[in-house]
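Coming up is one lone chain in structure tokens, specifically the form predicted on its own.
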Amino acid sequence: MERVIEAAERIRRLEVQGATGVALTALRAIVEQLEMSMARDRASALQELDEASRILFSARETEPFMRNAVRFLKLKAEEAEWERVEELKALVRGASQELLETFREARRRIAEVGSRRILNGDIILTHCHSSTVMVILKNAKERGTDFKVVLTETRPLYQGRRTARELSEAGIGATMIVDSAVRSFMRGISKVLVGADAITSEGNVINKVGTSLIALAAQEARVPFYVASELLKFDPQTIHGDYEAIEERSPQEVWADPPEGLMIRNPAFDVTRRDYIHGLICEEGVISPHIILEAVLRRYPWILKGAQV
């Protein structure tokens, strides 16, 4: 499991960030691991795939996109008729490529739909770093839309700096603020646009901690709050009553040398209720988070099937 363990450690250490990056890293790791497989029959090969899945799932708690991607490969492997391990390797390579193409098409559609919601003169507020949000902003820029972005620094790991660099490279005017200044700036914001790490069956969104406070400030100021996310980030386990786990990171990220005896809590994510979300920008268009289950069933029925595997 060398390749899988290495990928899991990189994900755990946050060397790979963002739901999309984590999912793609996991896919590559499984494909590479199977290429090295010494399994001699169907049973042992499927057992290896199960073990790889468990290792990757344990790397991060809040990563339904990664779990869905891995389950997709498992479903393909378990449902197909094959005997030789070489056949499985080819099957998994093909399934991985199929999912990548599905993701690219979803991302293209989101960029197209989301960029149309950005108008000349808009000031967009965003939080943390979202590759999905970035493709929307870059697409809007390419369409000739004149807008600016206000972004948070995103404590404690300052993911906002990555967003700031990408905006600068794309020629998009940006202003960075400290996280706690969001409410002070909200009156001048046209729209809030954030990404998502997970979407629950109720249509609630799990994203970088601080997102729910921004949603509250946006509602108070009557500023539309949009979430941009592929439906592949839907967590099917929440249908069965499970709550999406909220990962807590090391206190060292907040304060490397705190006073002795001080307790530090460092949740990585929080939950934004669907009632605060103006629209979910996804491959189905701009939809209400209230109809998330219907949208997933229509677009990716295998996600619900895969959750039982």
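Sequential numbering from 1, following the sequence displayed. Everything numeric here is computed off the predicted structure, so don't read it as measured data.
Unshown form predicted in complex with a further copy of the same chain; subsequent notes refer to it.
Quiz item: Heavy atom to heavy atom, is Thr132 within 4.5 Å of a further copy of the same chain in the model of the complex?
Solution: No, Thr132 sits far enough from a further copy of the same chain in the model of the complex that none of its heavy atoms falls within 4.5 Å.
Quiz prompt | Contact label in the model of the complex: Arg249 to a further copy of the same chain, heavy atom within 4.5 Å | solution = No, Arg249 sits far enough from a further copy of the same chain in the model of the complex that none of its heavy atoms falls within 4.5 Å.
Practice problem: Could you confirm whether Ser96 comes within 4.5 Å of a further copy of the same chain in the model of the complex, counting heavy atoms only? | Solution: No - in the model of the complex, heavy atoms of Ser96 and a further copy of the same chain never come within 4.5 Å of each other.
Quiz item: Hey, in the model of the complex, is Arg42 touching a further copy of the same chain, heavy atoms inside 4.5 Å?
Solution: Arg42: no contact with a further copy of the same chain in the model of the complex.
Exercise. Quick one: from Met176, Val85, Ala77, Leu100, grab the residue that has a heavy atom within 4.5 Å of a further copy of the same chain in the model of the complex.
Key: Looking at the other structure, the residue within range turns out to be Met176.
Practice problem: Using heavy atoms only and a 4.5 Å cut-off, determine which of Arg116, Lys89, Arg107, Lys138 is in contact with a further copy of the same chain in the model of the complex. | Solution: The residue from Arg116, Lys89, Arg107, Lys138 that makes the contact is Arg116.
Quiz prompt | Options 255 to 263, 65 to 73, 27 to 35, 43 to 51; stretch whose heavy atom lies within 4.5 Å of a further copy of the same chain in the model of the complex | solution = In the other structure, the partner sits against 255 to 263.
Self-check item: Contact set, 27 to 49 vs a further copy of the same chain in the model of the complex - heavy atom within 4.5 angstroms
Solution: Residues within 4.5 Å: none in this stretch.
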